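A lone chain, given as structure tokens: the form predicted alone.
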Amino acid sequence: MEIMVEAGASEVTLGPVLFNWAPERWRDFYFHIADEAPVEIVYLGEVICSKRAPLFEPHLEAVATRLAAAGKTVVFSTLTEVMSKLDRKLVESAGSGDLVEANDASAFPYLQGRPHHVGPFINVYNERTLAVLARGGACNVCLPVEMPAAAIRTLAAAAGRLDVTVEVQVFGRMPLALSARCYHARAHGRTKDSCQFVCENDPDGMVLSTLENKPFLTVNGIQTLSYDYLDLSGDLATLQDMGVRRFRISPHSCDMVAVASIFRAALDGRIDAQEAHAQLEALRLQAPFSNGFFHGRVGNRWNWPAMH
């Protein structure tokens, strides 16, 4: 059942793990989140490659139970790209019963008329699309990461009239593109069907550099993400003023309890934007921060004036 967000309340949400972590590591990560992280909603499920799902499926029920017992709302996320019979079966199984986040239109037939979330992998760029999704039962929409502030403001206002909650990613590498081919397997001289799960070697994605050997993007199976880490901690007040009430952090191998605590403190006004950014920098991530898309600039740029 969806939790009703009080007017003015702000929630920190944890997106699904995008990477191929070992099953025990995946389980222990969520147990740690359940016990210590100040997040209200946790998204669970494999969204990138259906071949990975059986690896952590034995732990899924225990993880969901522990998160729920800790007071977190659990939302099951579907695949972002459906290409095979196995993919279709995985999407169909996610559509039964529980609260679900659709990340591909193939999930909608199973969710029609039921309250559900719409993930950032579905392009919601205008009010008419938002209205269509709301009529189908969408009660929460996480907007694509490349949305500039002006567009978020427009959609947040429209969502309010439709009784839909708007969610925005505020931390983590940004999902940019998907492919039918597996970049990870190809980079290691393997095919998608015989990948041998080589993506497990890169817990935060495989760095892709330009011909000038400058880090630029990261690869995660069929997915392309940014190299830099999104940080909108300096823009939380602006987002709240727009009507955004849910703030998504995307899991990485760093201390995600610390990340969640930083954003919780910033949303509560216990630390200011400069302090929040300084605490994130202290985590010593392996790539710089960016917030360019939000400010209508090149996505991988950092906009210092946003801190003031």
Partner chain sequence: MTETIGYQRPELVCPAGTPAGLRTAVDAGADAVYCGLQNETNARNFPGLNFTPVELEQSLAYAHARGAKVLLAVNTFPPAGRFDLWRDAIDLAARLGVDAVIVADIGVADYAAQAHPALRLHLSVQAGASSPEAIRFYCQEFGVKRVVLPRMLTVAEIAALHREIPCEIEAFIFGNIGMMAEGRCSLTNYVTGVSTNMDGVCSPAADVRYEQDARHTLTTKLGPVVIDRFIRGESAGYPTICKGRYLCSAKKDPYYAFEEPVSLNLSALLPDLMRAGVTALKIEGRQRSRAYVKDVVCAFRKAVDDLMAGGDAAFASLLALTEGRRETEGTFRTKRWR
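Since we're looking at a predicted model, the values are computed, not measured. Numbering follows the first chain given and starts at 1.
This protein has a second form, the form predicted in complex with its partner chain, left out of what is shown; the following refers to that one.
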>> Please determine whether each residue of F108, S226 and G299 possesses a non-hydrogen atom within 4.5 angstroms of its partner chain in the model of the complex.
In response: yes
> Counting only heavy atoms and a 4.5 Å cutoff, which of 68 to 76, 159 to 167, 120 to 128, 233 to 241 contacts its partner chain in the model of the complex?
Replying inline: 120 to 128
> Do Q196 and its partner chain share at least one heavy atom pair within 4.5 Å in the model of the complex?
Replying inline: no
> Can you check whether P203 is within 4.5 Å of its partner chain in the model of the complex, heavy atom basis?
Replying inline: no
> Is S93 close enough to touch its partner chain in the model of the complex, meaning at least one heavy atom pair within 4.5 Å?
Replying inline: no
> Going by a heavy atom distance of 4.5 Å, is T80 a contact of its partner chain in the model of the complex?
Replying inline: yes
>> Going by heavy atom distances of 4.5 angstroms or less, which of C142, L99, C139, C182 would be at the interface with its partner chain in the model of the complex?
In response: C182
>> Do any residues of 187 to 214 have a non-hydrogen atom within 4.5 angstroms of its partner chain in the model of the complex? If so, which ones, in sequence order?
In response: A187, H188, T191, K192, D193, M206, V207, L208, S209, T210, L211, E212, N213
